[in-house]
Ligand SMILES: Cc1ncc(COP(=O)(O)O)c(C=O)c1O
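Single chain ahead, by itself, as structure tokens, in the form predicted on its own.
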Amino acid sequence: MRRRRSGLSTRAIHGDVGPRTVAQPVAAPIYQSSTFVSPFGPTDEVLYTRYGNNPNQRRLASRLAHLEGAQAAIFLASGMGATALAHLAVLQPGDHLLSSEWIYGGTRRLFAEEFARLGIETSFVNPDRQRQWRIKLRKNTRAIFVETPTNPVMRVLDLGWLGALAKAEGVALLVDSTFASPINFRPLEHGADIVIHSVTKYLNGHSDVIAGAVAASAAFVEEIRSRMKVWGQALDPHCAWLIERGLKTLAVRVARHNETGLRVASWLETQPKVRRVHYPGLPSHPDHALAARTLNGFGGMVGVELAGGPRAARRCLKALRLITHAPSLGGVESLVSEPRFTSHAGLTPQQRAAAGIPDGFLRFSLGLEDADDLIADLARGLAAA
């Protein structure tokens, strides 16, 4: 009889459900140890926290692999560390990377500056122009990278045809799925080879951990692990324990984010001082039909362009009392930031405008507060704007 696959919430809480023993702790202990008694002989695995095989690290990796439908996963010390090592596991000097233009500013800098120093060239493509993906492919192209939904305008990319293209060309498709989390979207089910997360955000969900993760085939994860041992980006056991605790509520948290996001975005769209709302759950969003077809929920991230521009944005931010002006996202508390000063500070105003991020753009990460209270706070901010 074929084993029934558990639901997402069950997987987030239990991972691979197996037999339990008497006196087994319900909550896993923290193995706050750098090293463990080693076996005799060269064939047995040496447990060493820098190798990423501490019991807390292993439990957490297994949990994410089950959520993403991957063979294996690995956690690292930051989202940028995960992005860097995931790419360096498939790219070598002389290789070419094809990347979406709609990506986090730190990732773009990694590709354009640091990878260039290593002899890896990157070309950027506007995902709206599908023909450009084929045109910019080269004989030495080894990987394609995209974010979906994108930061901060929440564009949703169609991975179906992009996955088919990558497979036909024999290149790896890497997808940063931080904004969706495995609850709303699982890229491997849509043709991706590798999934990247900034675990700092939704997977942990409590604004108290910095971490990253990669889920993929077992062979690929081992490629990352071999590099992690050298580059030193292993996750601390206590951080792993905190993330595992956060994962247990991931499904219910994301469901609340989805509900609040749609309600607040719909209200914002009716406000005269708001020029445009970027939220895939709204019919006005350019990718609404695709999002409705491919996502399990539209998330808690909302981009807002105020009619009054940067000055109105500043006044709005100063008037907010409940929503905290701070970078990052995905926590239980609502946050707001200006991408021109945070995620996309490395771009020129012209580059940001071309990416749909004019000065005065506000990015809201809506938390788990009551939606009525968030709307009241936003009304206070807009009144000041």
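Treat the numbers as computed from the prediction; the structure is a model and nothing was measured. One rule holds for the numbers: they count along the sequence shown, beginning at 1.
Omitted from view is the form predicted in complex with this ligand, to which the following refers.
Note on the interface: of 143-151, 239-247, 119-127, 90-98, the segment with non-hydrogen atoms within 4.5 angstroms of this ligand in the model of the complex is 143-151. Put simply, residue 210 is close to this ligand in the model of the complex: some heavy atom of it is within 4.5 Å.
Contact annotation for residue 260: none of its heavy atoms lies within 4.5 Å of this ligand in the model of the complex. Proximity of residue 60 to this ligand in the model of the complex: non-hydrogen atoms within 4.5 Å are absent; the residue sits far from the partner. Although the partner is absent here, residue 64 is not a contact residue: none of its heavy atoms lies within 4.5 angstroms of this ligand in the model of the complex. Checked against this ligand in the model of the complex, the candidates 226, 217, 78, 296 yield a single residue with a heavy atom inside 4.5 Å, and that residue is 78. Though this ligand is absent from this view, in the model of the complex it lies within 4.5 Å of a heavy atom of just one residue from 329, 70, 316, 357, which is 329. Residues 176, 178, 179, 198, 200, 201 of 173-201 are found to place at least one heavy atom within 4.5 Å of this ligand in the model of the complex.
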